[in-house]
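First comes one chain, alone, set out as structure tokens in the form predicted on its own.
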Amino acid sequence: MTVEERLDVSCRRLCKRFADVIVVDDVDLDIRSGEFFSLLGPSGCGKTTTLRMLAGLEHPSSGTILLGGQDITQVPAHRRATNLVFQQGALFPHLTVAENVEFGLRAERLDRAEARKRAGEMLELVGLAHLRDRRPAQLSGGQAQRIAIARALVKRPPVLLLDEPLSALDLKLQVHMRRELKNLQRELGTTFVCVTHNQTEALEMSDRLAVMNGGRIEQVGTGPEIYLRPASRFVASFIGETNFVEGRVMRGTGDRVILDAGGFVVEARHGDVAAEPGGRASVMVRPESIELHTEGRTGPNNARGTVADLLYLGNTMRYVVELDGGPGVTVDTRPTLRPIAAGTPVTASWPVDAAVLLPAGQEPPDDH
């Protein structure tokens, strides 16, 4: 079996323009068969337009879309082997739950008994067979969204497309539905392609994800790869809380680089990022990777400062530390009954592997 045959969805140099505005810009993407894949990014980054092109609801300005190795770029939406689930589910209010799920099968003139059987099996799978005779108005938000997913899956598409499927639900229900959706995908083995702006949602559900910015894909990888080894400053900023330490490159040795951060020395992994001596550089350190010590310490990645503020967040104690001669950093630790008081001199320390050298890049907009 070739690599291409193991892919359900491939995009090659995919572009979409609206008048003079480029919304999706030269996107290359491969989505493997049977994986849960998410397109993640801020509003206006092109993720929904990309999904609509996969569904056939938008036509690319240029580029190619392959499904199972077959070119479907010009195939209309109703003839594609994909189904799309919208934010609101879009159930037919005059039909019962069972009739909603059967609708696509009946439209294809499937035998009534077979359509009823398959719909019943799908309702059992999503755990809502007991609601088969209810109308959509009698369902909760989570129930309605599960029915919409059942209606899309009952036709057994190789690829299910989901457009912000949980955004209309309250926070507690979102958490529950993330687990339900991932378990359903695993059980069926169907390829799911999900658009979301919710970082936690994408990290929890996805086998892999693509982070988009300005119509382009900044990075594709697993959640840990993107969180711990971001490919750009934008990705580092958009995914989770991040500290940036700016400095001037002193020297590089092997896969390490030494920076002068103006008052302390930083040693970081440089990966594939060029680090020329004398040049400016930025290092990312996640808040949970930093430890605070009330005694002085020396050596790289030991920065002296003062606790400026602290916030109790339940399972996390968040400290804001103003570094001597440098920027402030955020530090996340496990809460204790005796936290370090504001005004206390401290040393902020972190391991070399937690410090990642980043290429220059645009930070995300404030609405992410």
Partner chain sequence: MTTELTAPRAAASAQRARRRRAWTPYALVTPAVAYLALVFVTAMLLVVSYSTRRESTAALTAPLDLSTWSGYLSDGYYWGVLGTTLRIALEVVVLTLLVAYPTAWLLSRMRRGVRFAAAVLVLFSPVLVSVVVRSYGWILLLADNGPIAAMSPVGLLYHEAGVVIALIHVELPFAVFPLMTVMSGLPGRVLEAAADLGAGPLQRFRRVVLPLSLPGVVAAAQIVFALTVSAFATPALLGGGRVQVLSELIYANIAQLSWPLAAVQAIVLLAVSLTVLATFNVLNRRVEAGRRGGTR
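Numbering follows the first chain given and starts at 1. In this text, all values refer to a predicted model and were calculated from it rather than measured experimentally. We call the rigid core the largest set of C-alpha positions that still match within 1.5 Å between the two forms.
Beyond the structure shown, there is the form predicted in complex with its partner chain, which is absent from this document and is the topic of what follows.
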{"property": "Partner-proximal stretch of 118-126, 165-173, 105-113, 198-206 relative to its partner chain in the model of the complex, 4.5 angstroms, heavy atom", "result": "105-113"}
{"property": "Its partner chain contact at Ala55 in the model of the complex, heavy atom, 4.5 Å", "result": "yes"}
{"property": "Its partner chain contact at Lys155 in the model of the complex, heavy atom, 4.5 Å", "result": "yes"}
{"property": "Contact of Ile217 with its partner chain in the model of the complex (heavy atom, 4.5 Å)", "result": "no"}
{"property": "Proximity of Thr190 to its partner chain in the model of the complex, heavy atoms at 4.5 Å", "result": "no"}
{"property": "Single option in Leu84, Val283, Val235, Ala144 placed near its partner chain in the model of the complex, where near means a heavy atom within 4.5 Å", "result": "Leu84"}
{"property": "Single option in Val245, Ala231, Met177, Leu91 placed near its partner chain in the model of the complex, where near means a heavy atom within 4.5 Å", "result": "Leu91"}
{"property": "Partner contacts in the model of the complex for 128-143 (non-hydrogen atom within 4.5 angstroms of its partner chain)", "result": "Arg135, Ala137, Gln138, Leu139, Ser140"}
{"property": "Rigid core superposition, Arg135 Cα moves 2 angstroms or more between this form and the one not shown", "result": "yes"}
{"property": "C-alpha of Arg109 moved at least 2 Å between this form and the one not shown on rigid core", "result": "yes"}
